[in-house]
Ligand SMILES: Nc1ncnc2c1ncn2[C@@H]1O[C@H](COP(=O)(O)OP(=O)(O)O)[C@@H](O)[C@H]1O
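Only one chain is given next, in structure tokens, and it is the form predicted alone.
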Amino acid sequence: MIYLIIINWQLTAVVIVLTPILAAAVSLAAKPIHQASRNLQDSLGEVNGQVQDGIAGSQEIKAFGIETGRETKFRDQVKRSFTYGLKLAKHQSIIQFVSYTAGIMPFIVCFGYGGYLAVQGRITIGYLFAFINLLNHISNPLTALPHYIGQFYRAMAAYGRIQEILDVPEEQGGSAVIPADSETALEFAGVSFGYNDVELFRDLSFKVKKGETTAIVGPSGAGKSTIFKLIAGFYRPQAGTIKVFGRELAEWDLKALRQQIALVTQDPHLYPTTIRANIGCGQLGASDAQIRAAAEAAAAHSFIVSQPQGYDTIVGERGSRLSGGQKQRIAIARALLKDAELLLLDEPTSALDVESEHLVQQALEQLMEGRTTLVIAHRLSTIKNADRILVIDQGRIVESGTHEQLFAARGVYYHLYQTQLQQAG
């Protein structure tokens, strides 16, 4: 720039005025790339999601004969992604045109105005060519600028998607790692909770003593599984307090809290690795003998050894190579291996046949002995074995007692028994 001013300040002034105008034009042309790139990435995310769902749910898709509908939906999403890709390519082409125009414009102006000055004798031809040669050091970066601006906007679109995950609040916990001295294993006091604007609980209160087996029953959608998620610290109550082994959730180090809890859900998650590794998740570093003992207690050993590779059999994505009952027994074996103080059982025998259920029920009864157990119950056999039954309805505990007491009261539990529990039992 200093050399240009020395050669001819008038030409340099023209370049100085022209450069920010061209830069602004380039920036304006590049701006739509951000939204176009975001739309494309969102759409490709939908495509990938549909592919994943299609593979994971291939059996259901075939069973219900909805291949055509799923394929049409997938094709429409691919076409949408293709359209967004074309729009992005169009914007990139426009910015490329603008960048070349911005790069050559200073030379055209300098040739025109510089030629005029040369004709007037105010600058020599040699100085003019020297000026134009030095102008490359300004024009070349200006030409490259749109490329980097476009890259910046595409990166910002990707960063925006990543930031949505990064902005999710981290789990906050305290420092307590051992239970407090308390006879109460679990206490809900005035707990309120809901998803978005839908309130699920209001002033939910109950206590569970150490060593007690408590069954939770209620209509579908009453929030029974959400109670388990609150206990495990996956969610925080919007009002009220939850105490686990005498300490509030906020006091617990969440990792230490979860070491005290074994959770078995209706649809257990299995990793696409071996049966041995899936059971071993319950206690890292467990020996083969411990894993086998847990499998035997969960009535899983017999079917495991019948597999081609035994305990080294790969279960597939989400356990796709196993039946529902087999997956459930592996999940129960994992919970048995963990040997936790608090058991959260979301009807763990619901996917088992009668014979397997009987064997697993015996193993669970042995496991539950001396431990605190909270069971979401749908089967009468589970309910009758509980020390106490909590009936939840419309976000509150409406009844509490044994099966005989609640049945005799002929309230909510009695009607649930008549319509659901009796058939499930």
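Between two forms, the rigid core is defined as the largest C-alpha subset superposing within 1.5 Å. Remember, predicted model here, so these are calculated numbers, not experimental data. So that there is no doubt, residue numbering starts at 1 and follows the sequence shown.
Just so you know, the form predicted in complex with this ligand exists too; it's not on screen, but the next bit is about it.
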| item | value |
| --- | --- |
| Contact at Gly316, Ser320 and Gly324 by this ligand in the predicted bound form, all three, heavy atom at most 4.5 Å | no |
| Position in contact with this ligand when the complex is considered in the predicted bound form, options Ile330, Ala222, Cys110, Leu186, heavy atoms within 4.5 Å | Ala222 |
| Of Ala102, Leu128, Val191, Leu200, the one that lies within 4.5 Å of this ligand in the predicted bound form (heavy atoms) | Leu200 |
| One stretch from 152-160, 110-118, 306-314, 224-232 that, in the predicted bound form, holds residues within 4.5 Å of this ligand by heavy atom | 224-232 |
| Interface membership of Tyr148, this ligand in the predicted bound form, 4.5 Å heavy atom rule | no |
| Partner proximity in the predicted bound form: Tyr195 to this ligand, non-hydrogen atom cutoff 4.5 Å | yes |
| Stretch 306-329: residues contacting this ligand in the predicted bound form, 4.5 Å heavy atom cut-off | none |
| Displaced residue check between the shown form and the other one: Ser27, CA, 2 Å or over, core reference | no |
